[in-house]
Structures are given as C-alpha cells and as structure tokens.
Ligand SMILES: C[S@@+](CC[C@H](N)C(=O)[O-])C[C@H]1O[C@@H](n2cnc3c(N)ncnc32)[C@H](O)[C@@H]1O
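In the form predicted alone, a lone chain appears below as structure tokens.
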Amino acid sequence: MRELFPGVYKWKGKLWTKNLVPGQRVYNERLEAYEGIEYRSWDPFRSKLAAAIVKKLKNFPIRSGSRLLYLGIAEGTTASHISDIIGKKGVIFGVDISEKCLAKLLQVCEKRKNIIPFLGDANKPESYAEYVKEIKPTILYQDVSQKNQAEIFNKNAKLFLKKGDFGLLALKAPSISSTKKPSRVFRKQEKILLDEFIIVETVPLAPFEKKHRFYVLKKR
C-alpha cells in the first residue's frame, strides 16, 4: 500500500482511505483490511476529488485536523472520504439545497461526527455565516450545478477564507452553458476566480466526468 497524500492510499490499483467508522459503508464501496486496519475504496466515477487524484493531482491541502466548508455536499460520498482523512479532530460544514440529499447525509452523520449538515443555498452564505465562522474553515470545497459557480465560490471565499487558505472547486461547463465550448466556459470562469484566488492547479476530469475541470486555488 502506497500513500499518495496524507490519508490517501493506492493499493490493488484503487484509491483508499482509512475507515473512520469501521464496518460502515456510505455508498456500497468496498471494505478491505490491511495490517489490521480497515480501508474504504474511493471510486473516481463517484467522486470528482478522487477523479482528480487519479488524473495526477499534485496539490492536496486536506490533512488530519483540517476544517472545511463544503458547498454541494449532497449525500456525502466525497465528504465521507474527506471525513476519513481529517479524522476526529477535523470538521466539515456541509451545505446543500436538496432536502432529499440532506436526509441521506444525516444517516452518514449519525456515526461520522466530524460532518455538520446544513440545509441551505450556497448562493446565500449569510444564511449560515454565524455557524461557519465558529468553525473557522481554512479550505473551501465546492461541487454545485449552478450557472454562477465561480461567483458562488468567490462569495463564500470572501466571507470565510483568509489569505493563503485553499479552495478546491469542481467546475461543470454544461451547467454554466450547454451551447458554448467548454474551453471558453472555463476561461471565463477562471477570470472570475482570479478576483479572489491564485490558480495553483487545473485538472481535466475526463473520462470520469466529461466537460469538468477540478481546480486547486489559493486565496489572495
């Protein structure tokens, strides 16, 4: 077993994280023991962060004890692996607008106490600002399917991040425009992101996700 990043491993041709809650699956992922420790397989077809790692992501700021604001947390597939990585001393404040998704996420949070779910609109960060400011996140993660993805990201970053903090963003070109070329969409979104961030790294996510790019950014 080889450690790619702190808490992220490659073994048997797959990605793995140490299971924070041994015996518990989140999305029917594979569980395997290695030297007495249980690991969960991390599917790049189900997680854009995993896809970025498989596509040779170089910068991975998430560590044990990290504090994240996660926009578009959905049912918690990716968040559960981040939960494994950050451990009991870390925290994820997860925002999603879907009641259906949050209902499923709540089941995950029953045992993963380092995930705090919040039903809300990522486009209105003032609605959860008082809670997020208590956590003091140093990483902003976003995976939302809205036209103004970059604007939402910047708005939250301006309110919650400090200079030097990291942003991790999955950009979906078809959600922004279904008629323009993805390359053109990405260029326009990058110009918006540069108002608040330095772009550290960009990773195309095909074949796992078509017309998607994953960004690692650092707050100005």
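Start at 1 with the first residue shown and count on from there. Quick caveat: nothing in here was measured; it's all calculated off a predicted structure.
Unshown form predicted in complex with the ligand; subsequent notes refer to it.
- Comparing 131-139, 109-117, 83-91, 96-104 against the ligand in the predicted complex, the single stretch with non-hydrogen atoms within 4.5 angstroms of it is 96-104.
- Note on contacts: among 63, 188, 46, 180, the single residue with a heavy atom within 4.5 Å of the ligand in the predicted complex is 46.
- At a distance threshold of 4.5 angstroms between non-hydrogen atoms, residue 153 is out of contact with the ligand in the predicted complex.
- The ligand in the predicted complex is not approached by residue 125, whose heavy atoms all lie more than 4.5 angstroms from it.
- Contacts of stretch 107-146 with the ligand in the predicted complex, defined by any heavy atom lying within 4.5 Å, are made by 120, 121, 122, 123, 143, 144, 145, 146, listed in sequence order.
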